[in-house]
Structures are given as C-alpha cells and as structure tokens.
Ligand SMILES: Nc1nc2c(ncn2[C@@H]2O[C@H](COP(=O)(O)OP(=O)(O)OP(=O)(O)O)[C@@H](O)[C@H]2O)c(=O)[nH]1
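Take a look at this one chain, the form predicted alone, written out in structure tokens.
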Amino acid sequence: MSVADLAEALGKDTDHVFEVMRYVDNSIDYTRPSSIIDNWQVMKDVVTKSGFRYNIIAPPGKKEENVKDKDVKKRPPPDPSVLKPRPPVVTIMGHVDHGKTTLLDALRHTAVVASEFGGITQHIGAFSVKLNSGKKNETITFLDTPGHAAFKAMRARGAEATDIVVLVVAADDGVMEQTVESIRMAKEANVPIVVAINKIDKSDADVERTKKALLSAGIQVEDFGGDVQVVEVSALKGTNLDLLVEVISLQAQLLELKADPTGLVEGVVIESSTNVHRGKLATIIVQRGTLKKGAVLVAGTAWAKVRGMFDDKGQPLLSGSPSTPVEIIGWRDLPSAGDEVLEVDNEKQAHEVVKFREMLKMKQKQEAAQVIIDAKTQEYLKEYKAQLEKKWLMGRRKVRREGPRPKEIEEDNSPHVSIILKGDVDGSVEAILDVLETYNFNDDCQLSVIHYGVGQVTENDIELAETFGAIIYCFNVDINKNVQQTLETKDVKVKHHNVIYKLVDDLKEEISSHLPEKEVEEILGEANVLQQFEVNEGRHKVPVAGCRCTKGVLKKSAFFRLVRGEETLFEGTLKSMRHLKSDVDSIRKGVECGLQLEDKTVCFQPGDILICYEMKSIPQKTSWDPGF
C-alpha cells in the first residue's frame, strides 16, 4: 500500500499518517503520499497507533468478475426426445406409530422396524423395492421419513424429493397432529397423495370415522366425491398390499414420470453420515444423468470423487440411473441432507466451485455481521452525542463518572447448561438442533450448544467439554477405546441415547436440576376471628384475636395472614398463641384460642379470617415444551 492508500483505509488524511510515522521505527523513507510502504511492521504500527485493528485479506474487488463464473448450476431442461421412463419416488408419511415402517417392511419383505430404536424411524431411509406386480423389472424407490414431531425439517425434505406421497393413517387413532402436517407439506410440494388406512385388523378400528377426519383435514377422498384414492390395509397381516402397489403404479403411470439418463448427474442428498472404517458417506437420489464410479460431485460446500457406490442392502453398484438411491463413498467433507448434488468435469472445477460457495457464505456472514456492527455503532454514537451535549451544558471539558466504576466483564452467575452433540447422521443432528431451537427460557437457565457434529466422540470433543463444563450427548454413536481411556481421566459427563425424545427428556431433567429451588406456600389451617380482646402489656393495651380453628391446624412457628373480605391486612408471625391461660405451640380444628400478632397496631373484627401457612422449597421443573 502507498501512504495515500493507508490513509484512505484509515479514513484519515495523509498528514495524519505522516504524523503517526514520527513515532514509528523504520518509516523515515516514506516521505510522499505516493510512497509504497513495503515494510509490513510499519503499516501494522501506524494502524495500531491510530487506534485501529488490522486484518489481512485479499485485495478487494480485483478478481470479482472471474469469481462469478466459478459456480455450477443445473443444466437447462432436456429435449423430450432423450427422456426415458423412470421409477417413481414414493414417500411414506404420517403420524408416529401409525405403521409407516411396518408397511414398508411388508412391501420389501425385510425387518426395518427391528433396526429402529423404540420402533420410531430416526432419519430418512431410501430403498429401492422390486415389486411383484406382473411387470418386468418394475421398481419403486421408497423414502421412509420419520413421523415424530422432532423431524419436521426432515419430513419436509422427503416431500420435496418425492413424486407420490403415501399417507399412512391408523384406523384406530385417526388423523393426528403429524398427519395434518404431512398433508400440508405434500400440498405445498404439489405432490399427489395416496391414503393408506392402516391397522384395519384391530378391534377398535373405525375406517369411516377416519375418512371423515381426512375430509376435515382437507383430503378429498373418493368415497366423498374427491380424487384422492384410499386403500384399507393391514401392514402387519399383509392385507390389501397388492392393491396399494397397484394404486401407486397407476398413479405413477398417470404422472408419466421420465428423466434424462445422459449427461452430467443431478440429484439430492437424502442422508449423510460418517463411518469409522468407510469414512464420510452420503445417500443421494439420482434425478438426472447416470452416476458412475469416478464421477466428481459437488453438494453445497462439499465435494466427492466417487470411489464406490452401494445400494440400500450394502451391495456394490456399477451405475445409478434416475430415481435410484445410491450410497456414495469418497466425500472430502460431509454434505448436508437436502443439498443439491451436481456433477462437474474434474476435481479442479470442484475445488473452484466449493471455494466460490464458501466465499459467498462468508460474504453473507459478513453482511449479517455488518448490520449488527452498524446498529451498535449508531447506539454508541447516540450515547456519545448525549454525553457530549451534557458536557457542553455543564461547561466541562470532561463528564465525570457518576457512581462506582462498572466492571469490565460482568459476572454471570445465572444457571446454565452447556452441551456437545454428536450424532450418527446429519439428519438426526439437524433434527435435534431444530428441537433445541424451540428452547426460549434462557432467562431461567441458559442452554448453550458448544459444538455439534456427525461421527464418534473425539479427544477434541472431550477437551472442549472439560473447558466449558459441557455434557456430551451421543446420539446413536459409540466411543472407541482410545477416547474412552482419555475420558476416564477427565471429569466429563457423557450420555448415550438412541431415541430423540428420550434425549430431550434427559436434557430437560438436566436443565431442571440447575434451576434454583422455588418457594411455595403450604396452607396449614384457618381460624375465624370471633371477638377482639385487649390485654395489658406494661402501660399499653394490645389487641388479641379470640379465634376458633376451622380448618387443619394452627402452628405458632408458622406464618399468618389476616384477611378481611378480599383485603389482606397483615402477613407475618405471631408473638403468642394461648389456649385458655396456657401458652401452646399448636391448635387443632374446633379448638378456641387467643392469637397475638407481632404487629401490635393491627385490630381485629368478628368475621376476619386468619390463614396459617408455611413456606417450603421445592425443586423447579423447566417449562420448556418441545412439542412432543
């Protein structure tokens, strides 16, 4: 930079820079505004002595035009002549425990439910199923999306990647909260719906009631003059599954699903995970082109050179045509579920695309940060101007500080819980983070997510947890022996879970344990004032309430509240409690007594009520309701 460039960056004139240079070593050679400052230390000293901080970045705006051409986009729509028929992508959606995964299990004759903890699908699974429909090589790609409330974002992605939605509704439960939400998602994605009323074999099944509930939810079934087909099935007994397959195939034929199997591959990430032995993995559904080994793919800010492809059974694949779910090995970074997958010509282009997208993300973060900085600057300028005006009015050169000097860093002694989250797949981690976003009780107990990621717990995670006093939550991931040995020497709490709602319940208990105990009032008894008496204490007469205990018990050591009508006249303790002429510690129901309050100025009237109560400390529970 020249002296003039440095002055412009500082927002000062060149005279200011020359003045500062008088106090900077090795700056004697820079005598003109056009002089190039080739000594970095001189520039650093000028900046710091001028009251600024510095940061090393690339020269702004010099390569902007070339960078714009580095990103990759989807190809234009293909020529209709190259389109070939493709299998439909069908998503099973609906409420938790309505039999979605059991239905899929029956369709492909495998035991999917047994692999899901608690019988609840924890993330999106993509399966290609060959059907016994009489047609040669007819297949359907199924997406099994979670039905639990925690998986809102993941179910939304399932709807976006699908051609047909099979909405599973239990005949005994009917339309539930997630059923309505699934309907909304399918309609927003403009995807046709086929309803499968499941569990018709149960004794309390009511198909007609379920159909009416679907009508109320906005599904116009055929029985009521609509165009949505309904199939009554029993996934457990295998009833009417052939009819359901026939309805799906017919719906697919009406859609005339076709895709271009040539050219560069386009697709969408369904799920991503890490494996100790196989590295970073991602399951994608091919939407255009034919994926082959050696292809270079970009998804978000991650890229891969395909080293291997596998189907949902773990068997190697030579190629992946449109609508095929493929698990890919070879990712340099882990893509996020829902990311668009695009094939590029070579690794160099992949590097350039990822670098450009990272630059865009950084630019967006900088713009967001700049908005906050500008708001803070305006706030400080407003405060400064107010102080300046106050100084002028007082005729002082400086405004004297009023009160004690504030601390540089305020001590925060409020309850807080810090966690580190590690999950098996990206979708599950995202779903848990979405649940944690619903926590809005930081005034009671602050919840901080220190770090999150996909994969096993590492030694860095343990060091981070020890530094911040955080709890490590492992969702469906293990800890290897080396890390376990490190963990035994550290004071770090690790909790393992494989069902999301159980993890959230555990976290709620942890938050509740950090909340201070709450003082609550426990009513012990009540007494009616029958008459006021006056007794002599020295030269003064003191009012005493002649009472009868009407409820519970009265204790001398407890607190008393005097109520007249709806007005509270006194709250405090007693000075004395007497039965006949004896001092007592308690009075039971139906017994008369004389009560003297600590406040001698309070007078009594017949009909007043004295309430006896104690204050007890009980543990608090967080009010956080994540929605399930």
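Numbering starts at 1 and follows the sequence shown. No experiment lies behind these values; they were computed from the predicted model shown.
Separately, the form predicted together with the ligand exists; it is not shown, and the next lines address it.
Q: Tell me, out of 102, 229, 323, 290, which residue has a non-hydrogen atom within 4.5 angstroms of the ligand in the predicted complex.
A: Selected residue: 102.
Q: Of the residues 521, 201, 206, 358, which one places a heavy atom within 4.5 Å of the ligand in the predicted complex?
A: Selected residue: 201.
Q: At 4.5 Å between heavy atoms, only one of the stretches 191 to 199, 552 to 560, 213 to 221, 491 to 499 reaches the ligand in the predicted complex; which one is it?
A: Of the options, only 191 to 199 has residues within 4.5 Å of the partner.
Q: Check whether residue 235 has any heavy atom within 4.5 Å of a heavy atom of the ligand in the predicted complex, and answer yes or no.
A: Contact with the ligand, yes.
Q: Quick one: is residue 463 in contact with the ligand in the predicted complex, heavy atoms, 4.5 Å cut-off?
A: Answer no; every heavy atom of residue 463 is more than 4.5 Å from the ligand in the predicted complex.
Q: Could you confirm whether residue 340 comes within 4.5 Å of the ligand in the predicted complex, counting heavy atoms only?
A: Close contact is absent here: in the predicted complex, residue 340 is far from the ligand, nothing within 4.5 Å, heavy atoms only.
Q: My question is simply whether residue 97 lines the interface with the ligand in the predicted complex - judged by any non-hydrogen atom within 4.5 Å.
A: Contact with the ligand, yes.
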